[in-house]
Each structure stands twice: as C-alpha cells, then as structure tokens.
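Take a look at this one chain, the form predicted alone, written out in structure tokens.
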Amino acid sequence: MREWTREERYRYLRDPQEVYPLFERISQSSYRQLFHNQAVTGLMNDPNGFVWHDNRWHLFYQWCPWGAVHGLKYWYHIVSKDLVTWKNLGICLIPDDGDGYDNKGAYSGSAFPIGDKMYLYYTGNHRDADWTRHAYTCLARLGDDGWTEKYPLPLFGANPNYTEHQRDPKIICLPGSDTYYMIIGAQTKEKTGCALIYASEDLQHGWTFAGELKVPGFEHFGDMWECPSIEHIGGKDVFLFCPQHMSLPGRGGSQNHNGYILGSMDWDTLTFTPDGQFHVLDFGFDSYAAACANNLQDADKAILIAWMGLPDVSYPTDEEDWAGCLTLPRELTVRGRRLIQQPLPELKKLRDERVETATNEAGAFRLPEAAELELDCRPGDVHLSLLADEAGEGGITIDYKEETREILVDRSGMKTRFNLSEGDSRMRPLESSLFHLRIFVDRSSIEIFVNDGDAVFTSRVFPTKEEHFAKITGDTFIRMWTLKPAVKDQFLI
C-alpha cells in the first residue's frame, strides 16, 4: 500500500492536465461502475448539497484528485433530471490556496435555494502553520455559470466549548417558521459525540449558537457524530447521524456507523425525544454519510443517497489510485417504528433487456456485469450465490432461514477479500417471512433490497473474471434485466 506524504495529500490542483494521465489509466479499470456515480479521479467520499434547483437535481461530492487518499478536499458537482442518469459539471468549491478559512479543504455540508440562487453551506478546514485545526462554517453562492462566489468571512467559527471536530452543516427549514436552523456534527471536550444547533432568521447572515441537541439516552454514544440531519417523514421526526468509534452488535469489527432514531423534535428546547432505539440505516458492509435531498416538497417521504464506503478502511481499487462511489438514490418512508428504503421508481428506466436465467450443469447461470434481479419468494429457506464461479461456488451469498426469519449476507466466498477486520457477514432478523428480493449488481457493488425495503444490504465487491455466475436454491420466481449505463467516465474538472 502506498504511503502518502502530507505534501502529496494536500497538493493544490492548478491545472486539470495534472490528473489527466490518472483519469486515462483508471478509466480502463474493470471495476469502474456503469450506473453508480464514482470519483472522476482519486477519491470520492461524502455526498453533499443534495437539492432540487433550476429544474434539476444537484449533488456534490467530496473529492481528492490525486489518489485513493483523504487529503485536500474539493466539492465536485453533478446534476440529473431524473436521479437516474447523471452529468458531470466539474469542480464547484475550491479550497483557498493560501491562509484562508478553508485552506486545507472544503469539507461536507448542504445546499439551499434562496430565490433563483443556490447557496452552499460547508465546513472550511483550516490548518495553521503548526497544523492546528480550526473549523469554520462557510457560505458560497453558486452562479449561473457553475462557479461559486465565496463569502469573504465565515458565518461563524468553532464553538470553543467543544473540540475542533465540528463539521457537516445541514440547513433545516421548518414549514411556517421564520427561523432557520443549522445542525452540525461535533464532539464534546469529554470526547463524546453530539450535535450543535445554530439559528437565524436570515439564511445568509446572523447565525447564532442556539445550543447542543439533547437526545435522552444517547449522551455517551460514540465519540463523534458526523453528518447529522433531522428529517420529518410521514408524521415522524427522524434523526440521522453517523456515530464514530464504537461497536454495535452484529456489525463485526466496524467502528463507524450510519443510522437513525425515530422520535419527536422540540425546537424550543432543542430536544429530540427518541421513540425506540438506534437503528442501522443499511445492514451491508459499505454505507456511510447518508444525505437527504434538502427541499423535497413531500411530507410522506425523503430521498437519500449515501457514500458507498467507510472511513478508516481501504479498498482494492486503492492500488489503482481511485476509490469511492455513491449508492443508488432511495425513497424513505416510515413503516411502524422503522424507516423503509426502496429503490426510486424511476430506476426502472435503467432496464435494458429481460434476460433468461438458463442454468448450466451445476445449476448456475451467467450474471451480467450490470444487472437487476427481482425474486418473489415462497415460504421456506432460500440461498443465493452471486458473483460465484461457473460451478455456482463462492461469491457473495444471501441465506434466509425460515425457522428464525433471519437473512444473512456473507462475502467471505469472494476471491478478492478486503477489510477483514470489519467482518465478512451481516445478519438481519425480518419482521415477516422473506417474500421479495430486489438486487442491483454493478461492476464493483451490490445493493440488496429485502421485503420491499424492510432491510437493505449495500456492499462493495470486486469480482475476478471467473466470478460472474449466480445460483439459487429455494422456491423462488426470478426475473433479471441487463441495465443501461447511467454515468459516463467523462474528464471534466
């Protein structure tokens, strides 16, 4: 594994041609995705600024151009009319090449339209000459030409009563209220995770510290909360956040999680009262930093996209000097005391040809490199081997046991294994018998939707040339489609 110096990681990109040879090289990778957004070069992580504006969806992502390393971060801009096919627009936020408030990175945040303009709220990662970190909450206006005009001063700096870990501002606009809120992930001086709330009557000025979010029962839950948000879905308030550096049952050795709590939010007292426990948002191996669209005008649902990756881990494409992609967009609703995640209906546009699942002598059938599988399941045990060899052996497996109503996803059978400390399997008890699976397979990922969104398993996978078969046992009816490309490897910086 390559060791990066600080100078290499925080090198300023002065000319797009500096990374063009890297783009040419990684575009030949067999693991480049066909219908998932991915890094144009280097590393992609958190989705940012997800919003509807000017008759299209805007999405940005954290981008380090030089390789599969966290260093100087830019915001890279992509747009879509339908959340299915996407177009690259290039860099949108550029860190200051000097001693500015974001001189070591434009970190995560959100976006919000004001009139016919769109404003970007982000964390400016500033480092002194002695490398002391200072976090600033910054504002920029996106122009019609796609370039941004940064406000000369930050909206505010770090709160001195907390550690320097304060980041990821999310704008919250309450219907009928004259007050806007901003929630920021933070860490107490005692090294516990928390969220801070700021308030203003003007989205561009006058932000003041309102207080720390109180979440009874979660005062010592991880040592940092990243990417916090409070959404209102189907009459319920939902607190989404990423608690770090803690263990959860059934999550193997993973220390960084993406999840939510259902409950009710009192903005007068800044108290989120939980109605139940913390739930993992995605039961798979690789999902983090989920972001909901900020101005969706539908009180019954939200639309979510997450980073298909994790902090503090590595992936096989690191050796190719690129890493990271985003999940498919998902529709969130509330059912009972859980969030339900389903693929957007628009994703059916990706379907190209219906493919027959003719099996060989071993009972296996060939799996296209970009495919959607839909299975109707009758009561009883079900076993799937996906991305297996020609004999239907190995691969990533899905096992459902009717007796316990538990579904287990295991990727230990893949020839290319990685992040072994995170564990090879993930299990989820189901509320009812397994009756439906909808599975999206791309060149280096798999997303499994169980029982119409009751559970989701998202995972990066890196199959060899031999691992392109599938085998199913159990009483199921399967339909399979090849999927059309939805992203283009386009060099646009």
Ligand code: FRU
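Residue positions are given as counts along the sequence shown, with the first one as 1. For clarity, every value in this text was computed on a predicted model and none was experimentally measured.
What follows is about the form predicted together with this ligand, which we do not show.
Although the partner isn't part of this model, could you tell me whether Tyr107 comes within 4.5 Å of this ligand in the predicted complex, counting any heavy atom of the residue? Within the cut-off, so yes.
Is there a heavy atom of Lys73 lying 4.5 Å or less from a heavy atom of this ligand in the predicted complex? Contact with this ligand, yes.
Exercise: Lys170 in contact with this ligand in the predicted complex, heavy atom 4.5 Å: Contact with this ligand, no.
Find out whether any non-hydrogen atom of Asp282 is located within 4.5 angstroms of this ligand in the predicted complex, and reply yes or no. Outside the cut-off, so no.
Going by heavy atom distances of 4.5 angstroms or less, which of Trp307, Phe239, Tyr315, Tyr121 would be at the interface with this ligand in the predicted complex? Looking at Trp307, Phe239, Tyr315, Tyr121 one by one, just Trp307 meets the 4.5 Å heavy-atom criterion.
Among Asp102, Asp286, Glu372, Glu226, which has at least one heavy atom within 4.5 Å of this ligand in the predicted complex? For this set of options, the contacting one is Glu226.
Quick one: find which of 438 to 446, 423 to 431, 459 to 467, 42 to 50 has residues within 4.5 Å of this ligand in the predicted complex by heavy atom distance. This holds for exactly one stretch, 42 to 50.
Just to make sure I understand: among 401 to 437, which residues lie within 4.5 Å of this ligand in the predicted complex, judging by heavy atoms? Result: empty, none.
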